[in-house]
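Before any questions on binding or motion, here is one chain by itself as structure tokens, the form predicted alone.
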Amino acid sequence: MTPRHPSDLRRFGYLGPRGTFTQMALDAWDGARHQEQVPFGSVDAALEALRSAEIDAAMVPIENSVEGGVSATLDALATGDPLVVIGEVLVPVTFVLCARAGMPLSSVRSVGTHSHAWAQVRTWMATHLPDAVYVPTLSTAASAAALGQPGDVMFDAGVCAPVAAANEGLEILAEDIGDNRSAVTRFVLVARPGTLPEPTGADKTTVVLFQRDDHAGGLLELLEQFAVRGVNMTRLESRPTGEAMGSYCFSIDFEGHLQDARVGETLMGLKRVCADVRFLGSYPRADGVRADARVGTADTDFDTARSWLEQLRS
């Protein structure tokens, strides 16, 4: 299969249905708004469609500022045929409570939404609907879509993005019900391996690390590879490998690009001490924050040290 350059992407998948925060992230991606967009019922389905070349790229949630990492995405990227992240999008999270016309807030006895959304509206629910039963749905938009269709539904109201409620013609019972007004969800655009985005100086790299065995100081050995080269980690999460109880891999984001000397040295160090290193891409940071290389860890420092060693060997 011939890799495609990011600018050639024409068919984008996303965690659907229409009206999810994921589609909002995809619409915010330069070049995707006017291309074909295909919704999928789960992260796994979207990434499998990408692996089988049904789509060119997939937008999926990977991290929330309140709930942390999205396990479905972390696990799907850690297994199966390799994929790479080529970009990220940050979307502020604003929730509304919606219902069919004629349903007053006082009559709501059950609320449907995604588990991550429910976790972010618990305080509001405890205050205004303390007796309401939570009903899980595949996405926030799925709760709105169910309410927007005729027939019986398992819940009286839904928690979703304002756009999803508007798409389905639902009434808004309450606006901005999130417990954390600064909540943000991070989404990543994933593609099949090919040409990486060029380094910008404000980049991020994602890897999954697998230990050779479980032993005292094992995690420290991994972390030292970053610390001694001045590489700052922005996310570190452990995920079960599924092989046995207590068997975990580590999903890590860190500052820098594959082309940076300190990042390359870090990856080589990790390759030496890990059973496997799954490289998931280097890409521009959505917030544009540039990495601050401390003294001794800039590309020129590595070049100088390498030239000195070559002189000694000659």
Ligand SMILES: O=C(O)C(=O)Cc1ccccc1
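In case it trips you up, residue 1 is the first one in the sequence shown, and so on. Values in this document were obtained by computation on a predicted structure and should not be read as measured data.
One more form of this protein exists, namely the form predicted together with this ligand; it is left out here, but the text below deals with it.
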Pick from Leu173, Val121, Val207, Val93: which residue has any heavy atom within 4.5 angstroms of this ligand in the model of the complex? Val93
Among His128, Arg100, Arg239, His116, which has any heavy atom within 4.5 Å of this ligand in the model of the complex? His116
At the 4.5 Å heavy atom threshold, is Thr73 in contact with this ligand in the model of the complex? no
Test of understanding: in the model of the complex, would Pro61 fall inside 4.5 Å of this ligand by heavy atoms? yes
Could you tell me if Gln225 has a non-hydrogen atom within 4.5 Å of this ligand in the model of the complex? no
Counting only non-hydrogen atoms, which stretch in 192 to 200, 132 to 140, 174 to 182, 145 to 153 is within 4.5 Å of this ligand in the model of the complex? 132 to 140
In sequence order, which positions of 8 to 23 have a non-hydrogen atom within 4.5 Å of this ligand in the model of the complex? Leu15, Thr20, Phe21, Thr22
